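Before any questions on binding or motion, here is one chain by itself as C-alpha cells, the form predicted alone.
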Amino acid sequence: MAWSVKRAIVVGASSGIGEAIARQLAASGAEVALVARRKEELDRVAESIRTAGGKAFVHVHDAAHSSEAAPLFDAIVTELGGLDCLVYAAGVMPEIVEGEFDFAKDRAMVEVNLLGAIAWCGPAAQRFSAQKSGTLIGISSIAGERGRRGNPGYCTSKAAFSTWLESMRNRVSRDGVNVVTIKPGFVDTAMTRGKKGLFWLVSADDAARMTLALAAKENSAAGFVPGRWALVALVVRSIPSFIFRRMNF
C-alpha cells in the first residue's frame, strides 16, 4: 500500500470494524491510539497488537461524553507526536421493537453516532487542514440512505453523520485533507449478530481492508463496503415514498 499512516487514532477500537482497522493500521507500521469505553476490551486489542510487534496506546473514553473529546484528542496527539489519520468507528444501535418510542435509546444513538463523531472528527479536520495533510475516516452506514421504519434514531444519526462528513470534505479537501465516508452493509459484529434477514454478510476484517483500501486512494470519497451495496442504495433511494412507507424494510 503506497498510502502510509504513521500515527493514528481509532475511536471505537474495542470491537468490530474499529478493532479490525486498528489491528491493520498497526500491522502496517502505524502507532495507534485505541479509544473506547471498555478498558478490558481495549487492553485485549492492545496486547494482541503489541504481541504482533506493533505499538498501541489505550485511552478509555465514552463517546457519549462529547465534551471530553477535544482535550483527550489534544493529549493523544501530544503522546503520538503528531497525527496522520483519525478513524471514527464508535456506534450504538439498541434493539427497537415494534411500537416502541423510546427517547432514551434515540438520544443514545444521536449522542454516540453523531455528536461524538463530530466532537472527534472536528478537531482532527482542523488539525489536518492546518498541516495540509491527513486522513479522516468516518464509519457511517447504508442505513442512512433512507428513513426506515425499524429504527428511526439509527437511520437519522447515520444520515446526519454522512452529511456532516460530506460538508467537511467540501471544506477541507482543498487543503489536502482526505475525508472518507464508509457506508457498510451487513458486517459480522456484535451489533448485527443474531439479527434476522442479513445477507451479503462480511467479516469485520474484510470490511476494514476495504475501508483502508478506499482511504488509500487519497481522493476524498464516499463508498459502500462492499461496493455492491451501492446498487442496493440506488434502488432503495429510488422507491417512491408512498410505496416505501408500506414496506417492512
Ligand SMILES: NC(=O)c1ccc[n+]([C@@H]2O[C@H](COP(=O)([O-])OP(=O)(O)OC[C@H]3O[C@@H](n4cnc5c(N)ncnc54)[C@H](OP(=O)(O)O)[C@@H]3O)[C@@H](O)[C@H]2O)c1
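One rule holds for the numbers: they count along the sequence shown, beginning at 1. Only a predicted model underlies this, so the values are computations on that prediction, with no experimental measurement involved.
This protein has a second form, the form predicted together with this ligand, left out of what is shown; the following refers to that one.
J.: Quick one: which of 50-58, 185-193, 23-31, 209-217 gets within 4.5 Å of this ligand in the model of the complex, going by heavy atoms?
T.: Result of the contact check: 185-193.
J.: Please state whether every one of the three residues I17, R38 and D62 places a non-hydrogen atom within 4.5 angstroms of this ligand in the model of the complex.
T.: Heavy-atom distance to this ligand in the model of the complex: all three under 4.5 Å.
J.: So in the model of the complex, does C85 come within 4.5 Å of this ligand, heavy atom to heavy atom?
T.: Looking in the model of the complex, residue contacts with this ligand do not include C85, since no heavy atom lies within 4.5 Å.
J.: Contact between A125 and this ligand in the model of the complex at 4.5 Å, heavy atoms?
T.: Heavy-atom contact with this ligand at 4.5 Å: absent for A125.
J.: If we define contact as a non-hydrogen atom of the residue within 4.5 angstroms of the partner, is L165 a contact of this ligand in the model of the complex?
T.: No, L165 is distant from the partner.
J.: Even though this ligand is not shown here, does V92 get within 4.5 Å of it in the model of the complex, heavy atoms only?
T.: Answer yes; at least one heavy atom of V92 falls within 4.5 Å of this ligand in the model of the complex.
J.: With this ligand left out of view, which of L80, V112, C155, I137 would have a heavy atom within 4.5 Å of it in the model of the complex?
T.: The option sitting close enough to the partner is V112.
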